[in-house]
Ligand SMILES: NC(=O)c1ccc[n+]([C@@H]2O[C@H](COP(=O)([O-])OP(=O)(O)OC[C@H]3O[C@@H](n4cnc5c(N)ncnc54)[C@H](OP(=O)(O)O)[C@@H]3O)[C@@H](O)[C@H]2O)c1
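A single chain, nothing else alongside it, follows as structure tokens in the form predicted alone.
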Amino acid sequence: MNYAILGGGRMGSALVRGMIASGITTGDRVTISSRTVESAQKSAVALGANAATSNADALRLAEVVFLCVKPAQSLEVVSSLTRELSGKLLISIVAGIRSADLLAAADGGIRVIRSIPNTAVRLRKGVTAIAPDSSSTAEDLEIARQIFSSVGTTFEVSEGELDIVTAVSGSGPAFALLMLEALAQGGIDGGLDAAIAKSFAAGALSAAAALVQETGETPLALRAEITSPGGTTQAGLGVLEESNFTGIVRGAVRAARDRSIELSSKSPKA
């Protein structure tokens, strides 16, 4: 099977790297296109793949096409490739652009699966939601599942759930990194070397995630195990609770979800 990557940025490159490393494909079966021929060539050389001179050139031999461009460009890109995309499976990683709009842009000649991978796919530790459209087949879904499983964990969801997935899984790492940044700065304020403070902060968040994933216990139960009455952790949590930390984070998730919905409603219909 041959693959085309429309948009050779970090996410597209991470997918290619994972596919090759897991043995799903080889570099000679992957063609990358980007905004410029030079950037496509740079990505292709780094990954051991092929570079295309245009989007249309990238699609020439491909059966599976990954749409990895910016949301504002996505429908324009698809509508400019109606003939070249005909009969192919289009896997979109674009947030906020609905399957129906992608199908309309392509004049209905494609099969669509939407996906929301997160940034950790670059380390092959990502979490990806895949939402098949009715235009896709069971075989298409299995292809998407195998590809995204090569770069982490995969969950099948409905398309209606992708906006909240975008907020929790897609935007969530940025929220966690803000917490990590603040935690490290607290260490620096207390006299730690910056590099050491960053390592301790990263280790703290990594430990929390590992405990949830590997023990199967709830965050609430695990937090209770760490928090001794009248101890240091309880003192710090008291400050977070007084500041409505939980409410602020939940508000951030709602804002990210609402923005995903807004992107969809404002996207130009083909």
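These numbers were taken from a predicted model, which means no experiment stands behind them. Start at 1 and count along the sequence shown; that's the residue number.
Beyond the structure shown, there is the form predicted in complex with the named molecule, which is absent from this document and is the topic of what follows.
Annotated contacts: 9, 36 and 39 all touch the named molecule in the predicted bound form [non-hydrogen atom within 4.5 angstroms]. Site annotation in the predicted bound form: the residue of 109, 187, 152, 71 reaching within 4.5 Å of the named molecule with a heavy atom is 71. Taking a 4.5 Å heavy atom cutoff to the named molecule in the predicted bound form, the contact residue among 104, 77, 183, 168 is 77. Across the options 91-99, 153-161, 189-197, 137-145, residues that bring heavy atoms within 4.5 Å of the named molecule in the predicted bound form belong to 91-99. Proximity of residue 116 to the named molecule in the predicted bound form: non-hydrogen atoms within 4.5 Å are present.
The closest heavy atom approach of residue 50 to the named molecule in the predicted bound form falls outside 4.5 Å. Within 4.5 Å of any heavy atom of the named molecule in the predicted bound form lies no heavy atom of residue 31.
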